[in-house]
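What follows is one chain in structure tokens, specifically the form predicted on its own.
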Amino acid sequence: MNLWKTVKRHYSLYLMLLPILVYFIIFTYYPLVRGFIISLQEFQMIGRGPFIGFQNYLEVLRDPQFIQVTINTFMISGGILIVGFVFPIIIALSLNEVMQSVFKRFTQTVIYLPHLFSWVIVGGIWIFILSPDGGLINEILTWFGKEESIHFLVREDYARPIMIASAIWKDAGYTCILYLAAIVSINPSLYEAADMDGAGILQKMRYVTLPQLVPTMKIVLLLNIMGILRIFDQVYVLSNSAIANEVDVFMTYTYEKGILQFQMGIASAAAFLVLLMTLLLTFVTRKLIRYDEGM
């Protein structure tokens, strides 16, 4: 009865929320439920496929290709997670010490711009940079006496580092802006107290700035963990048959099985395994970093 009175009193607010609720039901939760049902079926183009239980999941887990993409995903995503977490902090701390406001704003703009580009544009930029014919890196190496061009994009030993570096290059500016915003909100009296104690720049970074950035670090880390297993765009744009075995990830496996081979049951099962792993990683990370404490 109390619930009904509350709804009746604030019915206009609930009416405004209704379209959002309907949107998520239609475009998020229904496809999610439908996808789980398909993962338990032997999918057919016409008619309802017979239920086969968890057979699709077993087939995915037994697939050597899925084992390889699991290794690739964790290697690439792990590199992006670790380096992409530390690098923006270093940039933010460095920019915070820049006193020239014009240079500071210009640098912020330059490092943030790649985040606005789609992966098609970013992929084109990196293909130009790494191209063996006229590519920026090979041209620089030529100036230093390197005669033979290096075919970066078809070398397996460069494949994973390129994926990691390109992802960090694209998103580091965005994360850096978040840290800079958090630094601006730090109480200036803390720095004044540190100056009175004779603290230098590095000491103020270590004992004042970094501790105050911990809540932001927790949020950034958790957001990165939630997307760590869903990388696709950069691999799809930069990959080729020569390096596919080193860079194919969960999402490219799902794309290949579902879209190219039309094995929708297998693809749905793989997608839900990724979802379960993401939930597990998020839960474990949340507990390890004590996300709910000190926020």
Partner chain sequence: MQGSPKKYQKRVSYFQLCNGLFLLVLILVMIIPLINVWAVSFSSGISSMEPGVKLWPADFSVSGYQRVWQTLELWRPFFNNVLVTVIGTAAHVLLASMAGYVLIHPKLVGRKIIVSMIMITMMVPAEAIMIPLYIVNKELGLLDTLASLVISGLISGFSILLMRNYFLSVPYSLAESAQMDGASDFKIFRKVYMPMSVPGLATIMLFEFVSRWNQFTPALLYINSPEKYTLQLALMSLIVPDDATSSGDFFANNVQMAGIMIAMIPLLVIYPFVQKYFIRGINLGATKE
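Positions refer to the first chain, counted from 1. Everything quoted here is computed from the prediction, not taken from an experiment. What we label the rigid core is the largest C-alpha set whose atoms superpose within 1.5 Å from one form to the other.
What follows is about the form predicted together with the partner chain, which we do not show.
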| item | value |
| --- | --- |
| Proximity to the partner chain in the predicted bound form, single hit among 85, 74, 174, 158 (heavy atom within 4.5 Å) | 174 |
| Selected contact from 178, 150, 208, 225, since only one has a non-hydrogen atom within 4.5 angstroms of the partner chain in the predicted bound form | 178 |
| Interface membership of residue 49, the partner chain in the predicted bound form, 4.5 Å heavy atom rule | no |
| Any non-hydrogen atom of residue 32 within 4.5 angstroms of the partner chain in the predicted bound form | yes |
| 4.5 angstroms heavy atom contact with the partner chain in the predicted bound form for residue 114 | yes |
| Touches the partner chain in the predicted bound form: residue 56 (any heavy atom, 4.5 Å) | no |
| Every residue of 65, 183 and 190 near the partner chain in the predicted bound form, heavy atom within 4.5 Å | no |
| Sequence-ordered list of residues in 135-155 near the partner chain in the predicted bound form, where near means a heavy atom within 4.5 Å | 136, 139, 140, 143 |
| Did residue 16 shift 2 Å or more between this form and the one not shown, C-alpha, core superposed | yes |
